[in-house]
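In structure tokens, one chain follows: the form predicted alone.
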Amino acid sequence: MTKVDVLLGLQWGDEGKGKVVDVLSHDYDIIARFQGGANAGHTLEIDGDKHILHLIPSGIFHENKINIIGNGVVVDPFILRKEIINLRNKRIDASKNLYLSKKAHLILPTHRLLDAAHEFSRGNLKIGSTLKGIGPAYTDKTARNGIRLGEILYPGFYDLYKSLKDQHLRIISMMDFDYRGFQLDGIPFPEYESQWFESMEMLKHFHIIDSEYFIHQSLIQNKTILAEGAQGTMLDVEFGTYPFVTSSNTVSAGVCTGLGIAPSRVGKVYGIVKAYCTRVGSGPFPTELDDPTGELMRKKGCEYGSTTGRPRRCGWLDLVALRYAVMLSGVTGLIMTKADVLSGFKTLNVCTRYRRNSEIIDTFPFGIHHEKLTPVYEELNGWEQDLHSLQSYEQAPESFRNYVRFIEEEIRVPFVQISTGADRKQIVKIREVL
């Protein structure tokens, strides 16, 4: 029986997972998303045409590959329908190879209202929610109040919906939040709700499956499967910079519960890391650069959220956080993205330790958002050469290869690929993953 390989982000999200999944999809029969929701945004550039996916796995651009939205994902039918239509407008028929787990939980329109009400009530203590209803949907899931996608196939679905909607509105009424004037994606609530139900009807014509059985049978048939994660390790609800995290498990362990596979079925674990660090929204970020260097990174890297459009905070690569992320997921091979953005920097700083008062530490601390940490940097030479047209790793400038080697020695995991631009063709293979 084959195993399920995993691809996940090792920072605060936005590592470029979508492009890498698209590239790796050539080697797999099935691509399965295992957690998160429409708060994720995977951007791919194919022959100059930009595509942004929020729920659909990034293997959808390969017509002979099956793409599964797993049980660990929370699904907003309205947003999923928009994605399907956008793909159709580009002559990609998702109905042929998109499969939906019956056990995936639904994001109701009122989940999004709850998300907004909670975020606005926090005032200056906002956690940076994308307001997509992810947190409230996962809350209902764990509180055993949620509605699963498979329920749309049975009579009585509307009664379930109305009961949960009414419960949400009672909570909102106690939060001094006027939802009547609030718009969801620029649409008044009643109209959004109507379109949400239209979207539900559309989804009934897709493959709605018992995904855990489907994946298990596929493994017995020696089908190759790649599990695609969303967000990043440092946003994991258990191990990230809590409470400034997402509501799901973004580490490799989340594959088991998010797809219904045993731990022994997990194979290679690819970890995606940017050549520098970014973060969207609130929360601790030890190596953040609130200066012209950080602004230059943002400008060169086009660092604006694909889901929210918010400018991303930028900073030097943090190896303390990266070492922690690699440990949590048992990463077997690293893939670097946005290496091209650092071309032209005369020197580069890499954080290898933190200074906490008079103490030097090399582990990621529990109370990071309570403590003042100062990064301890190693300075490395930068490179001038434009990496966009790089055809092989051997052609890369020596200072860039030194940068890669330095990270490998610190993290003790090899890089297997380097992305040198936005297009799917701009990627250089270094070695096979162990």
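Only a predicted model underlies this, so the values are computations on that prediction, with no experimental measurement involved. Note that residue numbering begins at 1 and tracks the sequence as displayed.
Missing here is the form predicted together with ligand GDP; even so, the following discussion is about that form.
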Quick one: is Lys338 in contact with ligand GDP in the predicted bound form, heavy atoms, 4.5 Å cut-off?
-> yes
So in the predicted bound form, does any heavy atom of Asp22 sit within 4.5 Å of ligand GDP?
-> no
4.5 Å heavy atom contact, His105 to ligand GDP in the predicted bound form | no
So in the predicted bound form, does Pro414 come within 4.5 Å of ligand GDP, heavy atom to heavy atom?
-> no
Go through 105 to 113, 330 to 338, 140 to 148, 219 to 227 and give me the stretch that gets within 4.5 Å of ligand GDP in the predicted bound form, heavy atoms only.
-> 330 to 338
Which one, His118, Lys268, Lys165, Arg312, lies within 4.5 Å of ligand GDP in the predicted bound form by heavy atoms?
-> Arg312
Taking ligand GDP in the predicted bound form, which residues of 8 to 22 have any heavy atom within 4.5 Å of it?
-> Asp14, Glu15, Gly16, Lys17, Gly18, Lys19
